[in-house]
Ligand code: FAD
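A lone chain, given as structure tokens: the form predicted alone.
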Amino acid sequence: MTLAPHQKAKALKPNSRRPAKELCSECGLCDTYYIHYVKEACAFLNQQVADLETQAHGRSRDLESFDDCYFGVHHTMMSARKTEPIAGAQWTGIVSSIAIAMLEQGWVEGVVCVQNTPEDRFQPQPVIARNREEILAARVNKPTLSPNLSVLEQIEQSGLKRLLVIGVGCQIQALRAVEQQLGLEKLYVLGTPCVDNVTRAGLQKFLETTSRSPETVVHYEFMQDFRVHFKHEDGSVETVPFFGLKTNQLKDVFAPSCMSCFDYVNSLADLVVGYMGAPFGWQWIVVRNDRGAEMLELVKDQIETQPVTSQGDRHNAVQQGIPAYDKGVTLPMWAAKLMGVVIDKVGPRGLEYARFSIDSHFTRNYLYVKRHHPEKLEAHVPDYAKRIVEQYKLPE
């Protein structure tokens, strides 16, 4: 039997220097023989979102469309939540429910998802789940860099032909780039929005700097009420206002790959489930193509939905936040709480909150790339991100 070129390649050894160097997001591609394609596939070596959008969705985003520019190619957007939430899920369990339905109804033979190691609830462990229990063991986000694509060799070697992959933007770009090499009959991609992941050590610093009880945190999220919500083992919820974070201590905790990312909304997934464009307590769903619509249809009887809404104006908050983050400004907690209350009442909501988050991170990341990797700036920043950043005045 003649081997494909990638099957003759060898994965990098653990701790080896990755081709993307400090910008590596540890997506796992280089842990497999698919490293053969890394120069073309890696989101930080070859930014090709527009071409891959056409491959995945039949067209790239329309830069003259306001919503396309921000949220990518899509058929529909909505807010949703499960009528009967899954116990222990980070939110109501929509992602897990879709994965279970696809597996149990025979749409796919396996689901690439991320459990945690037995020793550490936050250390990611990518798996190919084959049953409900293995999918449920992966519920709750892992806020650390995760090598999801490290299982690609197992997929090819196992003979799986129908697969669901759950992942974030950098992982999905690499996956789409090697999709035709996987030998699959059908690939479904369920994405989550992603921003500001950290190494495990970075996560520990964030928890110890921010939470009252870092050792009991089960999961956390930066939420629409401008607070970080920490869920603890006893079921209690601790909230910390965004503006009270110790920015001066945390500026360097986020991975360089995340500081250089412009695909917060996971633009190459078939279906995206997150929170940032929905009211508090609901999930934001973006259906990007017909496959995504089919996936969501599987759980329509398990969820309630409502239209997306948008209100407020993000521009002043974003513009004022740019120098504040740049200078590492940290407010006293009383002032941070007061500002959080005011902005929660009069600030951006719904899709406008999502745009606030995108604008805030894209302006920050544009500055990061400009300062640390100026030679990459023109080619690495997508056209839609440049349009978004151009709305604001940036420091040098």
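Everything numeric here is computed off the predicted structure, so don't read it as measured data. From 1 onward, residues are counted along the sequence shown.
Another form exists, predicted in complex with the named molecule; not displayed. Remarks below refer to it.
Flag this candidate site as yes only if V228, G328 and T363 all have a heavy atom within 4.5 Å of the named molecule in the predicted bound form; otherwise mark no. Negative, none of the three is within 4.5 Å.
Contact residue in the predicted bound form, chosen from L182, A89, A101, A293 - any heavy atom within 4.5 Å of the named molecule: Among L182, A89, A101, A293, a heavy atom within 4.5 Å of the named molecule in the predicted bound form occurs only for A89.
Residue (of L152, L271, C261, V114) lying close to the named molecule in the predicted bound form, criterion heavy atoms within 4.5 Å: Contact check passes for V114.
Any non-hydrogen atom of K142 within 4.5 angstroms of the named molecule in the predicted bound form: Contact with the named molecule, yes.
Check whether E297 has any heavy atom within 4.5 Å of a heavy atom of the named molecule in the predicted bound form, and answer yes or no. No - in the predicted bound form, heavy atoms of E297 and the named molecule never come within 4.5 Å of each other.
Taking the named molecule as it sits in the predicted bound form, is S267 near enough to touch it, meaning that at least one heavy atom pair lies within 4.5 angstroms? Because no heavy atom of S267 falls inside 4.5 Å of the named molecule in the predicted bound form, the answer is no.
Given that the named molecule is not shown alongside this chain, does E221 nevertheless sit within 4.5 Å of it in the predicted bound form, heavy atom to heavy atom? E221: yes, in contact with the named molecule in the predicted bound form.
Which one, 73-81, 201-209, 300-308, 143-151, holds residues whose non-hydrogen atoms are within 4.5 Å of the named molecule in the predicted bound form? Checking each option against the 4.5 Å cut-off leaves 143-151.
Going by heavy atoms, what in 232-263 lies within 4.5 angstroms of the named molecule in the predicted bound form? Not one residue comes within 4.5 Å of the partner.
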